Structures are given as C-alpha cells and as structure tokens.
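Given next, in structure tokens, is a single chain: the form predicted alone.
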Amino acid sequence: MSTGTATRAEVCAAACADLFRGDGEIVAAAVSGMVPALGARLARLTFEPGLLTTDGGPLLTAEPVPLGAPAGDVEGWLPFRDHLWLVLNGRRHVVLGASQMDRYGNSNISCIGDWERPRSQLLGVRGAPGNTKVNTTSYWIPKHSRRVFTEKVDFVSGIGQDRGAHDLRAVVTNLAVLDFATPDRRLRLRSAHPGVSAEEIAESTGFDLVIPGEVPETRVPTGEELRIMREVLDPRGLREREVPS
C-alpha cells in the first residue's frame, strides 16, 4: 500500500530510525530484519551520526552500507566473545523480533505450545534474556496480528516491564508504533500508520491495547529520507519484500 509518496515499508523504516533518536554513540543492533536495519542506517545518515552500525554481521562499518552490500571500510569487528561482553557491559540498543508478545512486552521466540511438548519449536531464547535485562530494547513486528500479540506468551524469552526489563522503548509493526508510556507500563498505541485506523489495530491485537482518545498518525519520511532509502541504502527495494505494498 502506498502512503502518498512513501510506501508502508518506508513509513516503517522511518519509524525504526526514530527508535534511535537521541541515542548518540551506541551500537545499533537492528537484528530482526531488513526494515529495522534500514532504519538504523537511515538514522545514522541523518539525525544520529554517532551511531555505530554493522554490515549485518560482526563488522562495524565506517559508513552505513546499503542493504546486502559488502561492508566497505571497516572500523572494527565484534567476534562472538566481544559481542557477549558488549551485551552485558556496553552501550547498545537492540531491535528484536518476537513470535508472541503480551501486554507488558514479554516476548517469545522459543516455542509455541507447552514447553515440554511444543507444537512448534522456534529459535530458543538466544540473546533475548540478556538483551532485555541489560540493554535498551525495541521490537520490529512485520505482521501485526492476534497470533503475535497474545494475552499470554507460551514461553518468556525476553522479559517484559512486569519482570524487570531494563528499557523497553517501543514496538514498530506494519500497522502502528506502540510504546509503554502508561502508569502500569502496558502497551499503548503511540501512532497509527497512514491509512490504518485505531479500530483495525485493536482488532489485530489479542488483548486490550491502551488507546488514547486522539491517536496521531505515524510521520511520513521526508523527501531526503526517501531519497536516501531509495538511492543510497536500499536501491534494490529489499524493504518492500518485508512489508509488501
């Protein structure tokens, strides 16, 4: 779906870029897909030049590289040992994915169904416990649905606000931006993407989402941001595969 001059994928990428606004010199670990990776690199090329971005692997690049392109000039690298040290001690903002998420941001990437006899085996907890306990964490959900946003997750991989998460910042989906800016730190609708109603978002969420009386529209990327995405960072249009128009 096109939103004026920007596609839905481009709106999502700009929203992912905004996740890093004000972060300064930290590692932007956008590991959950093409759209958040594009967002991190877009932020670095525009309003957050101090961000450290990677090639999608262990290399810290001198400049934000196009999606799928070689790293180019490299300023550093993060072998697995150093990466684990950084998770526990460093300045890092990670954007994770989730197969399930409840109203407090507890996330599941481990299994669907009972843990002892799951219907589906997923990734395991991976780095989700350490990331959510120690690092600033946001989420990217490319298909906002009741299957993802559930009353209760089948297994807690990443901890939520009610379990002592360090800093759950926001959740960007293909429909909206959500945050936890409520007194009890439950998920709230921060903005709806252009062309999406609050009713559609509520219907696609498996619990009572906090919805303010006035729901703003997610910002559309500027002309310069669109140029950077289309001509510099993603000329192959990989973002559109993740959020089809």
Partner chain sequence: MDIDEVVGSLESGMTIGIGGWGSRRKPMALVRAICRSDLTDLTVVSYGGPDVGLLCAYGKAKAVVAPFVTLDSVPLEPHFRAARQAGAVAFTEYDEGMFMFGLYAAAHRLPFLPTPAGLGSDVLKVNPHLRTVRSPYHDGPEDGGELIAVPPLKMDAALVHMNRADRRGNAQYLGPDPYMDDLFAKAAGRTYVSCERIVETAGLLKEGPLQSLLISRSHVAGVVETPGGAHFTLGEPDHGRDERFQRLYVESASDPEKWAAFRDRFLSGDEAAYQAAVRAWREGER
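Numbering follows the first chain given and starts at 1. It should be emphasised that the depicted structure is a prediction, and the values quoted were computed from it without experimental measurement.
Below, we turn to the form predicted in complex with its partner chain, even though it does not appear here.
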{"item": "Non-hydrogen atom within 4.5 Å of its partner chain in the predicted complex for each of V177, A198 and F207", "value": "no"}
{"item": "Per-stretch contact check against its partner chain in the predicted complex, the hit in 168-176, 140-148, 155-163, 67-75 (non-hydrogen atom, 4.5 angstroms)", "value": "155-163"}
{"item": "Residue contact check: R91 to its partner chain in the predicted complex, 4.5 Å heavy atom", "value": "no"}
{"item": "Contact of S110 with its partner chain in the predicted complex (heavy atom, 4.5 Å)", "value": "yes"}
{"item": "Contact flag, P58 vs its partner chain in the predicted complex, heavy atom cut 4.5 Å", "value": "yes"}
{"item": "A98 within 4.5 Å of its partner chain in the predicted complex, heavy atoms", "value": "no"}
{"item": "Residues of stretch 62-99 in contact with its partner chain in the predicted complex (4.5 Å, non-hydrogen atom)", "value": "W77, P79, F80, R81, L84, W85, L88"}
